[in-house]
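Single chain ahead, by itself, as structure tokens, in the form predicted alone.
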Amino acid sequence: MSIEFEGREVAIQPGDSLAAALYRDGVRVFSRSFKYHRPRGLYCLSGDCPNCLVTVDGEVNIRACQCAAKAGQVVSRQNAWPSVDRDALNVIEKMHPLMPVGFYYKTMAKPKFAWPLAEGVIRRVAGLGFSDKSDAPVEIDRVNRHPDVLVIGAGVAGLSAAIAAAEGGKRVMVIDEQWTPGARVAAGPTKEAIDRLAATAASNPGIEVSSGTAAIGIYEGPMVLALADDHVAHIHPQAIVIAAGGMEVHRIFPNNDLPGIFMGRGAARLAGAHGVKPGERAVVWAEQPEAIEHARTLIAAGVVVEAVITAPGVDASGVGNRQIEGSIVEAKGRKKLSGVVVKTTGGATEEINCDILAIGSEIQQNMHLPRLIYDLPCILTGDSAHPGSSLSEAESNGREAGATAAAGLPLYVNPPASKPRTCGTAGYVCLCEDVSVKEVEQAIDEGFESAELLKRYTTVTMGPCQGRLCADQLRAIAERKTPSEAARVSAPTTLRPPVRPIQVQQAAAGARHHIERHTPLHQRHLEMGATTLWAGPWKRIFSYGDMQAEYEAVRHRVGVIDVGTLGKFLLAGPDVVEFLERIYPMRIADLEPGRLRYGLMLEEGGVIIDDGTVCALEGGAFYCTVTTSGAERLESWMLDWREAWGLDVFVVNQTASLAAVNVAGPHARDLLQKLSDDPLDKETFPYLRHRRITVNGVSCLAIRLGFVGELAYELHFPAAAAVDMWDAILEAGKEWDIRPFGLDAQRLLRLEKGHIIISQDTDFETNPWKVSMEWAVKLDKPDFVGKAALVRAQRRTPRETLVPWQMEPGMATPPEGMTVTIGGNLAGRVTSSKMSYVLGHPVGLAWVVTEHAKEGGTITIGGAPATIAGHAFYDPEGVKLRA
């Protein structure tokens, strides 16, 4: 079997990566660096550096060490001219004075004609490969998975966690970006442990191992986005175990980027996992005991280890020709490594000839996934939690993590920042962007002191490795050059998904699927026999099988409904009050913290497009809710107005990250008081107020509303706690025979109170005057969206008005959509219609020609008489909901 490499055939062997096959064939320079076109060779062999990016079958920037070699592949190197081995663009390295750090801000600004001339040349030279613009995108499928526990990483700790979680009765999914567990681990104790654990996992029916699947992001829900060869997986677990491992620290010294310099694990992978001899003569820099095993792996592959350079306390007895206590201070060579300079602990220096340097530095966590989790139900294990763990420690910690994940929903606090790593005084900090220590120090001298500012100015951490190699070194330089107690100076830079590269066609995976969104409680509802219906992109619960029983529970005892589909927004910023005054027709400025108001949202023609609540929070922020179908549309709507007005406001969509349930009924307070020590009495927590309370150990924003006409508390809290909260409420409510209720019961409950549903009772020309909601509009405000149209509308009588109607007991309930007639003439249509169990007769809402829309008037619906009411059918004074 073979691949085609730059016009020639290269043999491949089973289990080869492209990097291993090419290295075996004699390729030593795999790429040229981004800016200076320095030669770069294999380094980490874990996909964490930019050195082996190649083009495969026309697709650019493929990590050769992570890509399985397959017969017939066409492979070429990139970012060089005329070839990578003889790159004329290497002359740029001689032009350092013309390309200082941040040169794109400084050079060719004057004369003005210089930049347009230079831009074309720079764009041609920049970049890492040329994409085929004629290449048609491939339609990739999207798959949703719902394991109980997701384990990220199939090493010793990850597999141990999976086995323990499965033993706890959970359905477990394991994902790993290697094509098989341990595929690129050198023969030895670690490989043996992985093989043993993988065999155990494969024999357990509760464990699914998905190899070749890379986790690239963790989002609210929680939801993990993972890339496989032929699909994109959206994984929705109840708990996540992160066993993403660790890597050696990138050490910085002069010429630290020469081909022939490897991370210790990288050299061991090449020699021990792929059977490829990295070189003839090696020096191993062993800062920790694992590096001694790497030296033994190199020796077993036929490499002569000239010396092992050890840190104090590391024993290299019997390994290599010499043991020297000290460190590497410089690499020698022009196009490839020819030797290293060693500085002993006594201060003496010595040069040792070699063609391989394996750096077994201290182990650091792979933090790109853990830094995304915040308050999601995740737990770390193995090197992700305890870098440098022994095999027995990794297995023990993994089992503990798996058992913890199986036992409940552990909320893992965002991991604290590690201390900045030590950093040399010369060499390349960032291999991706060709940024040296000297250039970072120059940027600090120019006033860019903190790591976050240095990142933006120097582009360190912004290349393909996303800071895996250089982030901590950047922090160390910032701290060294700017001694300060300010935490911001050496604080970690922001990490965002994706943590591995993603193609545009992968990002669009499943774009042709019908979007179906679920709340965190969806599975619980199905287990309780619920039926669903569409509400915008959401699947909401219609009923649990007995709508009347659900209704009776709310009216006479207590019920609970999942309202997590509501749009939820946090708004803050210097101009937030002015912004809200403009997008809502009611007053906002006088809304005190702890109070809330019902609010309509209008378009410029004064038409109602949504409704919801506005809660004033402490500190000048506001929490706003909108209808289920309106969240995504209204987010764009608000952002558009913010930009149009130029106001300084932050709009945060919390719809997915927050769950919400409404506990309603005469015993709602009694039920919640069993789960909370906070006072909930009428005097302390009255109607139309909100406050922070703790329910079942979870901090909730509790809102007192009256949509269903009974005492009610709407609880908003982190989505990760939804299942526990739901179960606790149902358990506490058994005393009153609690029932969960769905939309079918809710629609009757709200109809008895005369509340409208946007888009069901309204249409594309409904303004507040037509639905008798002028009380929700303050025309004496300076301005708001739709004001001019409402001022004009106020001058004329609307053609139709929405009115409540009721029929006599014993009459059949007319269907929604039925025509309304008066004297045999068409006069309107029914929008909502239900049989009221508490009243004993049909009630509803209907559009009626305004001249006939008078309280007490008679209309005909489907041949049967109905009377127009003038107020809510049930508890018109609102006594019950204010109880």
Partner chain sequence: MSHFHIKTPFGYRPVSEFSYGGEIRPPLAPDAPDEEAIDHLWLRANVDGVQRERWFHTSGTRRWYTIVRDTRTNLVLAQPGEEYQEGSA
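Residue numbers count along the first chain shown, from 1. This one's a predicted model, so the numbers in the text were calculated from it and none came from an experiment. Basically, rigid core = biggest C-alpha set you can superpose within 1.5 Å across the two forms.
Separately, the form predicted together with its partner chain exists; it is not shown, and the next lines address it.
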Open item on the list: Residue-level contact is defined here as any heavy atom of the residue lying within 4.5 Å of its partner chain in the model of the complex; does K778 satisfy this criterion?
Closed with: no
TODO: Check whether V723 has any heavy atom within 4.5 Å of a heavy atom of its partner chain in the model of the complex, and answer yes or no.
DONE: no
Task: Exercise: E280 in contact with its partner chain in the model of the complex, heavy atom 4.5 Å - done: no
Open item on the list: Contact with its partner chain in the model of the complex for R371, defined as at least one heavy atom pair within 4.5 Å: yes or no?
Closed with: no
- [ ] Please pick, from E735, E362, D575, E635, the one residue with any non-hydrogen atom lying within 4.5 angstroms of its partner chain in the model of the complex.
- [x] E635
Open item on the list: Looking at G463, G706, G742, G221 here, can you tell me which has any non-hydrogen atom within 4.5 angstroms of its partner chain in the model of the complex?
Closed with: G221
Task: Per-stretch contact check against its partner chain in the model of the complex, the hit in 663 to 671, 539 to 547, 789 to 797, 329 to 337 (non-hydrogen atom, 4.5 angstroms) - done: 789 to 797
- [ ] Output the sequence-ordered list of residues from 371 to 393 with at least one heavy atom within 4.5 Å of its partner chain in the model of the complex.
- [x] D375
Task: T458 C-alpha relocation of at least 2 Å between this form and the one not shown, rigid core basis - done: no
Task: Shift of G339 between this form and the one not shown at or above 2 Å (CA, core fit) - done: no
Open item on the list: Taking 2 Å as the cut-off, check whether the CA of L779 shifts that much or more between this form and the one not shown after a rigid core fit.
Closed with: yes
